[in-house]
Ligand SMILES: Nc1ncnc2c1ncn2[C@@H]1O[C@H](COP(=O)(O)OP(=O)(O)OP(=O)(O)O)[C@@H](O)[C@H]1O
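As structure tokens, one chain now follows by itself in the form predicted alone.
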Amino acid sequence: MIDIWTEKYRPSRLSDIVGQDDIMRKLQSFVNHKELPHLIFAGPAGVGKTTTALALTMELFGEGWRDNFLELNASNERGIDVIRENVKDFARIKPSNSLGFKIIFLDEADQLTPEAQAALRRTMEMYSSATRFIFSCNYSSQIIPPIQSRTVVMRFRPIKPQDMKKRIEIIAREENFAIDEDAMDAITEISEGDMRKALNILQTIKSSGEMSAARIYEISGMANPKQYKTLLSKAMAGLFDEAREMLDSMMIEQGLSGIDIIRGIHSAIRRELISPRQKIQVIMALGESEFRIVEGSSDNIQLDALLAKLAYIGQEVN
């Protein structure tokens, strides 16, 4: 049986969670004092919100943590009935531990309907002596103000590349394989601060048997950044036909979408050493093309127009 690495290497202690040092220090203080307020964990996917809630619970309750922890995914169970039944039933049960409280963890809480959140606020008031709530969400602004005012908001950041690389190196040693710096750079770039995505890529590339940056981009369905740099250079040099031919190859042979291409060029232009005026114009052109494609315009027409615009920008005299 093959273990999924995101679960196999999920930290069980707060001190093992990477990239969120300030938050871990605050939570460790709660553990040391054996007390806990209601919490909101806000931040993008894959940065450790659920892992932190689990590790916090394990450190507070030890081996009996499962009896004192209820996890619900609000995107699946988002209606008022869930709050009235599942949450309220668990909240009213007397805690079976010496701390005097249990934890209810609501993942993706920003998906709860306003009515469900309003009902939840009342439940928080009624059972605050015996139950602590931890809300996990991408956007804390989607949580109603009465709940926000009753919680401590902790904002999780995307995992920094250096922290992600340290974790990858640890897992590589545990799994007994070597990974070079180029491959790690590719994983961190594709993951964009999402540790879960990074581990999924790492496990996939390990299974493929070829631990190279080129293979990582291929498996992830992304073009190598060097291709975007070349495409951008050709377009801004006025070599429209060559740029269009390269673009066709990336879309047909590699299966990239128009949005993939635009985001790849955006990543490339941010690293280019060109005049600030040209960089601003390119980014504005990318934004306009992305908007038009998202609104339903043809990828091919919009990308042709984008290449033409890039050629025009490249030929401008500063």
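Computed from a predicted model, the values in this text were never measured in an experiment. In case it trips you up, residue 1 is the first one in the sequence shown, and so on.
Separately, the form predicted in complex with the ligand exists; it is not shown, and the next lines address it.
A.B. asks: Is there a non-hydrogen atom of Ala45 within 4.5 angstroms of a non-hydrogen atom of the ligand in the predicted bound form?
C.D. replies: Ala45 belongs to the contact set for the ligand.
A.B. asks: With heavy atoms only and a cut-off of 4.5 Å, decide whether Arg196 touches the ligand in the predicted bound form.
C.D. replies: Residue-level check for Arg196: yes, a contact with the ligand.
A.B. asks: Is the gap between Val18 and the ligand in the predicted bound form 4.5 Å or less for some heavy atom pair?
C.D. replies: Judged by the heavy-atom cut-off of 4.5 Å, Val18 is in contact with the ligand in the predicted bound form.
A.B. asks: Can you check whether Lys309 is within 4.5 Å of the ligand in the predicted bound form, heavy atom basis?
C.D. replies: Taking the distances in the predicted bound form, the answer for Lys309 is no, it never comes within 4.5 Å of the ligand.
A.B. asks: Considering the ligand in the predicted bound form, find the one stretch among 31-39, 50-58, 284-292, 251-259 with heavy atoms no farther than 4.5 Å from it.
C.D. replies: This holds for exactly one stretch, 50-58.
A.B. asks: In the predicted bound form, which of the listed residues (Leu106, Leu120, Ile159, Leu202) lies with a heavy atom within 4.5 Å of the ligand?
C.D. replies: The option sitting close enough to the partner is Ile159.
A.B. asks: Using a 4.5 Å cut-off on any heavy atom, which residues of 176-194 would contact the ligand in the predicted bound form?
C.D. replies: Result: empty, none.
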